[in-house]
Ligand SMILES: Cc1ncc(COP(=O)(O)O)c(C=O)c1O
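As a starting point, one isolated chain is supplied in structure tokens, in the form predicted on its own.
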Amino acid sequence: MFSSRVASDLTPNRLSAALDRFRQAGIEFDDLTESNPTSAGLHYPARLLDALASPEALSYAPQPFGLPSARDAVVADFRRRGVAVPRDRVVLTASTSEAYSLLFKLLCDAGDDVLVPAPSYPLFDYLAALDSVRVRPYRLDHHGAWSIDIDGLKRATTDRTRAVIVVNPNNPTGSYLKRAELDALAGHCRAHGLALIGDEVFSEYVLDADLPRTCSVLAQREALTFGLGGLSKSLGLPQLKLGWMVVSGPDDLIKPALERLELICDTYLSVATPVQVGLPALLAAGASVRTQIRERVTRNYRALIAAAPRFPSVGVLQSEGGWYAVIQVPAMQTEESLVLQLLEQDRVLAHPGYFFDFPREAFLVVSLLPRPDVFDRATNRLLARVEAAE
């Protein structure tokens, strides 16, 4: 009686089952998968949420793309980053996840497909399935640094492909889109009538400022493009449920895209009024949280790079930005067995590489967000466990 858009087998895997046992028994462990900034020991300004209590929020005047004042705030925040966007091309959403759902509705019929990077965050599979859309992977290659396999992406394109998704910087590889890659993607999308969707929620968390990178997928105008962002990552406020997309590209494609998006957004009207009213103040007052996150992830990444040489069998792959680091380990056992050992024997939780669709064993993925004392203790236990098992 249930839809096939939701998987029928919901049996937890071995790692999930072990985590459930630990939590039910109250066993403490160091969490190197932490992705919730509100649990990472950051300092949030005491009156940060006062903006949500504005009397203006008591008046409900819904607009499909969001209140003009909130969209102006997004425009100003892009300007701070050196990107010029007009207000009439800004669309507010309840989250980046909702933005994907809106775009799948805009671009795809049931059974169409979108191209997604691999490795990357596994949420795409679930979001696409819920809109009866299929995902087809294209590879990121690693040869000292990550790059998009453009030829492979072209081969993955079918007559049912409707969009190419890029994550800039990628989660978890931390690789930014390079200008040559953006130009190649935009040209391919334009030639095949595809949209380019750029997930740029981690874009401001630069770990290596000396490396070349694009500031945004919006830097080109050749393909119909949607740049995604939101408060969850940019200000460490996932609980406020506000995201945005900016539409860019050729004028002959932007206008019909916005007309159709307006109808979709008007059907849902999902973004709450208080967070829209408060957005200008939130973006101003919350900048200190973004600074703390940037300092935290940079500090932890450098600490990991400094610690790794003491463990010759381990390699830390170069990361350019974002909240995660990838650790290459000897393929002496499966990633699942290794992360179970780390949890059960060392009280450390890390992601196995297969969770992010790495093409082969053996990789671990760790968050750079935990408090420094937790991060140092946990990563040293992790590195020691891997070295001992080699």
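Numbering starts at 1 and follows the sequence shown. Because the structure is predicted, anything quoted here is derived from the model rather than measured.
Heads up, the form predicted in complex with the ligand isn't pictured, but that's what we're talking about next.
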- [ ] Pick the stretch from 149-157, 279-287, 230-238, 260-268 whose residues have a heavy atom within 4.5 Å of the ligand in the predicted bound form.
- [x] 230-238
- [ ] Decide whether F78 counts as a contact residue for the ligand in the predicted bound form under a heavy atom distance cut-off of 4.5 Å.
- [x] no
TODO: May I ask you to state whether Y205 is within 4.5 Å of the ligand in the predicted bound form, using heavy atom distances?
DONE: no
Task: 4.5 angstroms heavy atom contact with the ligand in the predicted bound form for Q220 - done: no
TODO: Answer with yes or no whether V83 is in contact with the ligand in the predicted bound form, where contact means some heavy atom within 4.5 Å.
DONE: no
Task: Heavy atom within 4.5 Å of the ligand in the predicted bound form - residue from S216, T273, Q318, T96 - done: T96
Task: Selected contact from L182, V246, V167, V74, since only one has a non-hydrogen atom within 4.5 angstroms of the ligand in the predicted bound form - done: V167
- [ ] Using the arrangement in the predicted bound form, list in sequence order the residues of 189-209 with any heavy atom within 4.5 angstroms of the ligand.
- [x] D199, V201, F202
